[in-house]
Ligand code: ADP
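As a starting point, one isolated chain is supplied in structure tokens, in the form predicted on its own.
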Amino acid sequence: MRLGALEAGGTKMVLAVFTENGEMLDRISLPTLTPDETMPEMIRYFKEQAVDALGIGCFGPLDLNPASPTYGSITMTPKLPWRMYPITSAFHEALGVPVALDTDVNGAALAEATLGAAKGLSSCLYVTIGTGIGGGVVIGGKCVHGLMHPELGHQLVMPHPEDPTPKGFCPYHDSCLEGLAAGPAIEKRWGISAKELPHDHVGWTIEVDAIAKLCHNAIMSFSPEKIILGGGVMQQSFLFPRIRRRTLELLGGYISSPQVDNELEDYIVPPALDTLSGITGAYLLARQALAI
């Protein structure tokens, strides 16, 4: 049995084929252009690979309500050519196989909960901090859905007092996490990319404060047993100790648990699957599509 996996990102599409037992047989990437340009190439790939099911972890927002007439579609994305695109039905009609869809970060959270840093736990939060900020939540072994799906990157946070751009750069909300702390926000604020920002720059103090507020809010809201921080910005590994310390300051001693008592070293962590969390999550979604 061959399972197709698609990690659909805003800048690139990662396509892979797995065996039923999780061995990756092939992987390619394509630039994310318009649906008219990108979809035929992806459909051709999965047809040539003769997949039996397809799992998609996709940028959002998504309509994940099975009762909705636009179920399985990308909705109000700022990537205008993809707005209201019925990605699930397009693949199902073209390939004739079961297709399962979830957000890219829910897929990554599922992968880390099943095979990675949160394996053996009943809940976790996975956050990617890069071109955007998104969070996937697993509780009781299942990805959280509701009105739609968690959009943790658009929660409102109090800006750091030294932030020269306290409204941030989100086109939808003032002072939301993504607008304050995503990679493009760092570059717009300081005129250089996160990779070039010196470790002792005040920009990292502002970044750490925003991410720690996300961690604090998550702990207070749904009490995950593990917080996993991935994405391009978090490749700056020196951030982890600073985020842990700032999160403890914000918690103010209110939470008492072994994870907090050990200064969060085993609680706020990088992905165990490294850069494969997303595509592995898509593989697990394909398994769900076949109910195996």
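Worth saying up front: this structure is predicted, and the values here are computed from it rather than measured. Numbering starts at 1 and follows the sequence shown.
Although not depicted, the form predicted in complex with the named molecule is the subject of the following passage.
Contact between S175 and the named molecule in the predicted bound form at 4.5 Å, heavy atoms?
No, S175 stays farther than 4.5 Å from the named molecule in the predicted bound form.
According to a 4.5 angstroms non-hydrogen atom cut-off, is T131 in contact with the named molecule in the predicted bound form?
Yes, T131 sits close enough to the named molecule in the predicted bound form that at least one of its heavy atoms falls within 4.5 Å.
For G183, is any heavy atom within 4.5 Å of the named molecule in the predicted bound form, or not?
Looking in the predicted bound form, residue contacts with the named molecule include G183, since a heavy atom lies within 4.5 Å.
Quick one: is G232 in contact with the named molecule in the predicted bound form, heavy atoms, 4.5 Å cut-off?
Close contact exists here: in the predicted bound form, G232 approaches the named molecule to within 4.5 Å, heavy atoms only.
Partner-facing stretch of 86 to 94, 116 to 124, 190 to 198, 153 to 161, counted where any non-hydrogen atom is within 4.5 angstroms of the named molecule in the predicted bound form
Correct option: 190 to 198.
Report the residue, out of S223, T70, S257, Q236, that has at least one non-hydrogen atom within 4.5 angstroms of the named molecule in the predicted bound form.
For this set of options, the contacting one is Q236.
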